[in-house]
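As structure tokens, the next two blocks hold two forms of the same chain, structure 1 and structure 2.
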Structure 1
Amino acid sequence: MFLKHFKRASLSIGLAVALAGTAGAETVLRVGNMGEPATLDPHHVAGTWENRIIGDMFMGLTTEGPDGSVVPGAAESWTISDDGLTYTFKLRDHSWSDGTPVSADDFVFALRRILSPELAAKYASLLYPIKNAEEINNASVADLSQLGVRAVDAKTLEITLVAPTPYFIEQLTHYTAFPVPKHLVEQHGDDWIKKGTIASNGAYMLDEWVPNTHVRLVKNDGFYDAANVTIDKVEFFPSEDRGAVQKRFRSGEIDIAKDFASEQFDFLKKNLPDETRVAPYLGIYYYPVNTNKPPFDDKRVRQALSMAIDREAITDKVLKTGEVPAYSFVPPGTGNYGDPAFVDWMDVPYKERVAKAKALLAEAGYGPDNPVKLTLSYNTSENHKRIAIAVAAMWKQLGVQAELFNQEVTPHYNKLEQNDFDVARAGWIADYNDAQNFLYLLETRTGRQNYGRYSNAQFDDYMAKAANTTDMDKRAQYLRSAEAIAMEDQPVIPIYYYVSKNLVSNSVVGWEPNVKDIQRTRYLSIKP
């Protein structure tokens, strides 16, 4: 341990000497972030574009390493009880950016806050493994002190779970488990996130947020590892116009673009081969269907819509960037799972599937004289638009009349969360590498992120059984049985399994691809 610290200290001294001639020069990282954040409050965000900003500002008990792996964060160490239910964390000595020490009370306060029903946090259900979390969140338990979280002392936090949860340590890297500064939230309420008031415990803190223009963060000199953070400022630009962002990247105006239009892939490979980065990504691109709304409350209609989509045509002819056609909701290779439960018609030739889809619609009472009419909603992106146009053409074979509707990312997802749509585009990137993180989206209790409000008692029962067994093989079987039910019911239509698509300047050092596509700025540097 001492040797490791000695080497890092020596490196920092050497770097300081080497850069002495350029003292005062600021190092700035500019990121094309592909979305305007709804807020910077960790308890009210839900998107990958928000996570990139929030994750630079705040640090949970555990955090991501340079390669996306789980490493100690605000907690320098922890122990787990023999029964797998009690986690005891020792917090490292570190402070909020306003100088106030971070304490175990901040974590207790934050976890009670996000689970309180009054806050209506979008992502609260992710924390249901904690004892009494679900009961508090659904208001069946009113006393927040009953949550399985307590401060043993200022630097010791104890969390008790309902059942052993193999992914819990990784789950704590997620922003739902980030601390918030108790002293500021109690004093300022929702205004705590405003510039001049907000404090963060991560490598960066807020400098400026101009809506629809940029979010600028500056280095937090009080961060516990600030000596090894070399980038002084990071600017996140929200534009969802992939073509425009690509032009800015090529002109040197931004250093990282977090996506690019698929039709540009061949050009980019030829002209920017080193900067074009495509890698496996643990996520699913899918269409949720509103099961609350006729005719989509009829399973046969949902099945027909799914069968008629030629996924291979979308991945091979529309996208052409390595995406894999999806016939399950859980991507293959997900941890602790094995093979997912694919739809039973996966290997049926496409023409036969279309014929079966027509028959299902006819059986449900729809045809040329009574066509299914729907609105297909998607958020702004060249790729989303091209896929929606292709899918609408495929559905036209069935006599389905699909009207396309486009919005920016925040209002689009607001509509989904409010269950105000017919069929819509959505994407899900794993918060932790476990099948449960995909399937829980379809549980009745999940609420707003179960966009189509799917509810199946047998599905819920299998998910409950999986949550309450310590046998990993049985747990995988329960989860797979749940997925099989969902793939029969088709409340969601899987389209393809993601790959991450980034443009990364050769001047950026330390950027590593990983299945979660998370690269925190604290680990990066810029070559002069």
Structure 2
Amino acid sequence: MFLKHFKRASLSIGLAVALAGTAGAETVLRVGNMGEPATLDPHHVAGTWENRIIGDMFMGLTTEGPDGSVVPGAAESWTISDDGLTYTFKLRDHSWSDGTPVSADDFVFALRRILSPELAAKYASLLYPIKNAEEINNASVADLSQLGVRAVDAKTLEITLVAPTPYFIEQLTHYTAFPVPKHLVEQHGDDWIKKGTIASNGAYMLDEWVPNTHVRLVKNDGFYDAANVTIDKVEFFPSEDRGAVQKRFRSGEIDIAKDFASEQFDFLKKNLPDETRVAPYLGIYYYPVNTNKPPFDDKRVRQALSMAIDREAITDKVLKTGEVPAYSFVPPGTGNYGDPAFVDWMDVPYKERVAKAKALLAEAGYGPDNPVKLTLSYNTSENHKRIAIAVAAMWKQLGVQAELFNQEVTPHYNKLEQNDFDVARAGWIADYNDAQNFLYLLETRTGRQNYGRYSNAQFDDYMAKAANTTDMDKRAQYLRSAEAIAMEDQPVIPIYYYVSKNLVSNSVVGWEPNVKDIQRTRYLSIKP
């Protein structure tokens, strides 16, 4: 009540601030975007905060619907060959914001560009399912025309894959598969993305980007569905300080905040109950264990460490933001999968689990006289710290002595990649909605991203089988068998499944929570 009152009082100033940057009675959506973009070039983008901006500007062959599901985008329709290897897309009649029609050539050009080694695109590997993509990217094939992408005619595009990839259509919504305007990139090179030379095919186009101030987009009147787009301008503010962003939201200076601090959840729930939006998110927060290093090469030690963690205490008492305790590596609800393979002790009461963990440690030769000593590393963040403190306290009852080791993010991941840790904090947000995107992290061939260097021939075998089958049910079964092995071995200790945390003003209409946490502005409107 109290807050509401102040919020209304502050509206006038909030409006004044908004008007300072715009003019007239346009509708403006102001987003607390939690990050300054490094670039707006879809081929170099690597962060969710950048995706929120360029996803409003560009449209891939497929795109996200209002609820985040896959809907046709630049392609009106498509057909898939029986062997699941050849996709033929029929392009929609639409244009770049400078009036040039979008053609199949733009897509061919874009995919060749992102895969060329000279461009050094970070995320190019997502496109490796396409024939010869990997070879071109690692320079073993120099001829770009060998890429499995072909413009049949101006409005027809054909893509050939290496293996049947059930998540390919979904993957095309990702920014790595966005088209770029061939005529502009050829003319301006890497500078095409600057204001004045840029053109986009989505609902919005770039108006202004002032570093560390805001990125402003304006409605693209040439967008094919412009008639249904009601918001005239979108402003993305880069602040990463969640406390500050939360205050700006409360004073009416922004309409959507893309994150808030867990510590503030109780307070927000009490004071802004309708505007605090928490929803499941496709990600797992986990502790990889270094399987190369004794005593963690002993499965029993890893199992004991995992069993002794009271995940409910962490989600309900430490985080309190609706995160779900994790007993599997793949979050429930992940696409093409069904129920994940949970650890078999999931339903055992905590007390019994601790007793079992003690027994396992004793079996492995550890106990009060010979305690397991380990370093628990985490990168700088309030939540990582609080979880690590809680976990260390839980392990203490097993007699495990955990020393906490906090590092900034760069050296933290550097050490993880180099397999130089005991137990560490890590997280994974899916690139596409498929169980394989989680499980591949544990394959032997994954290498450095498999931080603990887990290696189990049987697991790898199931993964390979899954990759080569077109039967979706069988594939899911293989993947589940693989996960069951990993959950028995516990090379990774799942802690919780992520949730998305948003503050959304009541005046924003059409905002739907979803597992990908993507709500494109074209579907939103603002109540006056």
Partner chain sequence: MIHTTASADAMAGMEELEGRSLWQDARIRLFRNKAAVVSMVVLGIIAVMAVLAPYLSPHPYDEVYWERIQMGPDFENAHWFGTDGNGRDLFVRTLYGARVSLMVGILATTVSLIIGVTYGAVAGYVGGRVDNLMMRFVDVMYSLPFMFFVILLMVIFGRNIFLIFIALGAVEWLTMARIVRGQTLSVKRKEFIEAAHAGGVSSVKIIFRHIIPNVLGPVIVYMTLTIPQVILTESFISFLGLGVQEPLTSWGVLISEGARVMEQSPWMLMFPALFLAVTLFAFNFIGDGLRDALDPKDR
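Here, rigid core means the biggest group of C-alpha atoms that superpose within 1.5 Å across both forms. Note that the structure is a prediction, hence the values are computed from the model and not measured. For numbering, take structure 1's sequence and count from 1.
*Asks:* Sort out for me whether 1 or 2 is the form predicted together with the partner chain.
*Replies:* Number 2 is right.
*Asks:* Could you check, with the core superposed, whether the Cα atom of Glu312 shifts 2 Å or more between structure 1 and structure 2?
*Replies:* Passes the 2 Å threshold, so yes.
*Asks:* 2 Å or more on the CA of Gly148 between structure 1 and structure 2, with the rigid core superposed, yes or no?
*Replies:* Shift at Gly148: below 2 Å after core fit.
*Asks:* Enter the domain rotation angle in ° for the smaller rigid part relative to the larger one between structure 1 and structure 2.
*Replies:* So the smaller part swings through 27 degrees relative to the larger one.
*Asks:* Looking at Glu382, what is the CA displacement between structure 1 and structure 2 after core superposition, in angstrom?
*Replies:* Shift of Glu382 at C-alpha, rigid core superposed: 5.3 Å.
*Asks:* Core overlaid, Gly367 C-alpha shift between structure 1 and structure 2, how many Å?
*Replies:* Displacement of the C-alpha, rigid core superposed: 16.7 Å.
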